[in-house]
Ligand SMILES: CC(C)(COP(=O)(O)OP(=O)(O)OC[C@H]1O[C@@H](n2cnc3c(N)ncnc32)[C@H](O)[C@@H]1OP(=O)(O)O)[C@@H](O)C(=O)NCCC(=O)NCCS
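Encoded as structure tokens, the following chain is the form predicted alone, with no partner shown.
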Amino acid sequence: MSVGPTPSELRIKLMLPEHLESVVLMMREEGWTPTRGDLENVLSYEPEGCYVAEVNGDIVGSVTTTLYTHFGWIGMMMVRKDLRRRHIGSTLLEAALKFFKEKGVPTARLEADPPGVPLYESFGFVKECDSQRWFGKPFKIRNVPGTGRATKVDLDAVLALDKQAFGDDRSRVLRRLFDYSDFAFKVRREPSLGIIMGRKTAAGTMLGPFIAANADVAKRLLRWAVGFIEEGEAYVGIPETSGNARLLLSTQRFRMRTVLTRMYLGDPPRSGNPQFEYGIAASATG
């Protein structure tokens, strides 16, 4: 495999708000679905740990990071197609990993699309599990007993369950996503039992994070959320270890369409409890 030289004009710079439109355009040209709002959210978590690659004044690559207590998450890793295999991706990844090292992060995690797996393997990343994307068409549900709109107070009530599901505290991420989401639903009298959020993307309405204490709660939340969507498809991201989620989605007219690879570098990650996890927040943050 021939690999071209690194462009002499390559600069790795902190990602700034003025770079976001260029990053979104680059990703859209590759069929990725993040919106500017998605990038704004991720940039807000670690503004000192998100980077762009610039060649001759053009933005040609990006990477973001999100810090948790026990690990860091790498996301939005992209290099413009005509400049791949010229060490730009590896240089961006090195910047993200250096940021983690400076912060004392023992484990780096990410979700890779198939073309990116060899790059991560060359750095020593190993496979954790598959991360599946399930898609379904909305169908109108008129009656889902015991569910309703969630408030920020309800979100606070479910954070303990989310920590069990995810394996770490991501309350700041969930609070930001709550404000950004188009809707969020809860169990009406017992908000600590689960929550589902939904937001529009270029691929449809992403349902997640989606956390539930049991299958009955998960079914009620999913049916309410799907019935709320007026157009386009709904989709959910789940680790393959989430057997409860796979069973629920398959019985609610969802079908698996794409598969990413969840990987880690460093200490084995502290895993959450898959029986509570019915939908990830995003590939960029876990």
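A quick note: this is a predicted structure, and the numbers were derived from the prediction, not measured. Numbers follow the displayed sequence, beginning with 1.
Keep in mind the form predicted together with the named molecule is missing from the figure; the text below concerns it.
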{"property": "Contact assignment for the named molecule in the predicted bound form, among 48, 30, 40, 231, heavy atom within 4.5 Å", "result": "30"}
{"property": "Listed residue (105, 184, 158, 78) with a non-hydrogen atom within 4.5 angstroms of the named molecule in the predicted bound form", "result": "78"}
{"property": "Candidate stretches 249 to 257, 234 to 242, 30 to 38, 220 to 228 - the one whose heavy atoms come within 4.5 Å of the named molecule in the predicted bound form", "result": "30 to 38"}
{"property": "Residue 154: touches the named molecule in the predicted bound form, heavy atom cutoff 4.5 angstroms", "result": "no"}
{"property": "Proximity of residue 111 to the named molecule in the predicted bound form, heavy atoms at 4.5 Å", "result": "yes"}
{"property": "Residue 124 within 4.5 Å of the named molecule in the predicted bound form, heavy atoms", "result": "no"}
{"property": "4.5 Å heavy atom contact, residue 119 and the named molecule in the predicted bound form", "result": "yes"}
